[in-house]
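The chain below stands alone and is given as structure tokens, in the form predicted on its own.
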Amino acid sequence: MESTYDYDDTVKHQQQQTDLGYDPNFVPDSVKSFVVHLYRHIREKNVYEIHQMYEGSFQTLSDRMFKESPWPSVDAISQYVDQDHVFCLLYREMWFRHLYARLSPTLKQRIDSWDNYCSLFSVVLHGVVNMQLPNQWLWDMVDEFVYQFQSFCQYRAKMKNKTEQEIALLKQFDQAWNVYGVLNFLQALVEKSQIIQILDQEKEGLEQFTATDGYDYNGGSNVLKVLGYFSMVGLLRVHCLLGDYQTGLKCLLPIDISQQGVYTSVIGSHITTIYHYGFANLMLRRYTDAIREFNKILLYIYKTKQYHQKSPQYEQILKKNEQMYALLALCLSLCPQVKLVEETVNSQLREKYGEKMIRMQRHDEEAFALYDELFSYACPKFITPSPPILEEPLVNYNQDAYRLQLKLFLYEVKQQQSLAGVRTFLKVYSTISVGKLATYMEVDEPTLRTILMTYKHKTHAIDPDGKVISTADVDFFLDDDMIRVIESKPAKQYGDYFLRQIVKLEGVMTDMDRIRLE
């Protein structure tokens, strides 16, 4: 497609923008060529070419010609694509995504984007969509849909400087980006696609959804099925933004994240899934589950990030990588299960947060402030889903949901800090009497028994199957007046060691080849 870009055309377009400002009806030849080719490839179900144009050509054109302005309007390009309704909806979806990424959308544009998603998803749910689209595009649709919902809630909650016109529009379009509407669309995509039944049948060997990455090689469409699949991740994300972690994890249950799946076929989907899964588990005190998954994804990013350097998602990958290291530091400070973390990840973690993690073990005000700092940096942008009361004195309340989640997290940290002394002594002794430990901790025996019960409560969590599981690195049981300590001994992992050595050997061989070439 590179040959379709004309340098003179680019100059002419930039001149047009300078002279007249943005003209939504001016369609440069390269854009004409882009939409005609994309339309043809979609009609022909040529997923490879669609992907090349979506990931490559669209970004290249955006960088060259639309850095500071939107793409031509859908009305201007529709004549080149037979006025095709579905293609125009897809083009507008990309148009709004580009607008959000490069410029600041107005309230009217936010509402228009909502209307476009309603139309697009309605066609998918109730029409006949006879096309195949790349997983990357289908993931971006769901991801952007949730992002724009989050962005709208944040925007709407900043009431202080709203103009009368904006308030009038908010009143007029009070159903735009409504939380029930967003959840209903995602849930409807899950149900209509029957993706949960498809994944169940796959376990019995009756379906090939994961093996084909969700694509239909029999001439059918992958759009509804894959949108339904990614909508489960979208639901997890929305519920995390609302602070409902239990429901979020329940929505993700049909996807087995211990295995490779369609969610791992797109790097953005893989990272978003594990980030929100880990965060939800952190908030539910299932620290070991969070640590295990953060360890796996951080190791994966470490090994593969160089392959994504030219990807439009690269900056987002790096940002989420840093946030997940911060969340891993929080998990390990509250539940010191370093044995669950692979050496490569552990060395990166020590480099980034080693000093802070040592200070977080002191259980003083400075440690408390560090928990606050890391949580604030790494948490999602929580939202208040309810619309503002427009008659009252206008105030900003976009930080309210975040402050509430921070308060709940720090309350948990305070409770955990009071148990630090118990953990320290349990690591030293294999058996110790209640009286002796009470003396060491400078409390009476009834108080110590209360502390021990609290320790038991705080180091146990309910897993997705409803079973009570221990998350403690050091556990104990009471035998009359004796405390008997059980230290967990995880199975040795030999695979990680060999993988590490293989990566080192590959590096040495690459260096040797380079020297030979020079």
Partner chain sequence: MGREQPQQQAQPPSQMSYTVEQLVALNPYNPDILPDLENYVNEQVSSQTYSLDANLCLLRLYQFEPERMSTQIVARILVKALMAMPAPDFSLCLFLIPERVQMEEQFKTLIILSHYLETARFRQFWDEAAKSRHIVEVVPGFEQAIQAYAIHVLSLTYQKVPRPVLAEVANSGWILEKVHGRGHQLIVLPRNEFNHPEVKKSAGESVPLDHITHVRLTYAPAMPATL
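What you see is a predicted model, and the numbers here were worked out from it, not measured in a lab. Positions refer to the first chain, counted from 1. Between two forms, the rigid core is defined as the largest C-alpha subset superposing within 1.5 Å.
Keep in mind that the form predicted in complex with the partner chain is not shown, yet the notes after this line are about it.
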message: When the contact criterion is heavy atoms within 4.5 Å, does Ser62 count as touching the partner chain in the predicted complex?
response: no
Check your understanding: Quick one: is His51 in contact with the partner chain in the predicted complex, heavy atoms, 4.5 Å cut-off?
Key -> no
| said: How about Tyr39 - does it come within 4.5 Å of the partner chain in the predicted complex, if we only consider non-hydrogen atoms? | reply: no
Exercise. Would Tyr411 sit within 4.5 Å of the partner chain in the predicted complex, counting heavy atoms only?
Worked result: yes
Is it true that Leu242, His457 and Asp479 each have at least one non-hydrogen atom within 4.5 Å of the partner chain in the predicted complex?
yes
Only one of 51-59, 448-456, 27-35, 64-72 has residues with a heavy atom within 4.5 Å of the partner chain in the predicted complex, and that stretch is 448-456
The partner chain in the predicted complex has a heavy atom of only one listed residue within 4.5 Å, and of Gln194, Gln175, Gln246, Thr212 that residue is Gln246
If we test each of Pro380, Gly268, Pro385, Pro105 for a heavy atom within 4.5 Å of the partner chain in the predicted complex, the one that passes is Pro385
Contact check, 276-301 vs the partner chain in the predicted complex, heavy atom within 4.5 Å, ordered by sequence, gives Met283, Leu284, Arg285
Q | CA of Cys379, rigid core aligned, shift of 2 Å or more between this form and the one not shown | A | no
Determine, after fitting the two forms on their core, whether Ser430 shows a C-alpha shift of 2 Å or more between this form and the one not shown. yes
Report task. Kindly check if the Cα atom of Glu68 is displaced 2 angstroms or more between this form and the one not shown relative to the superposed rigid core. Result -> no
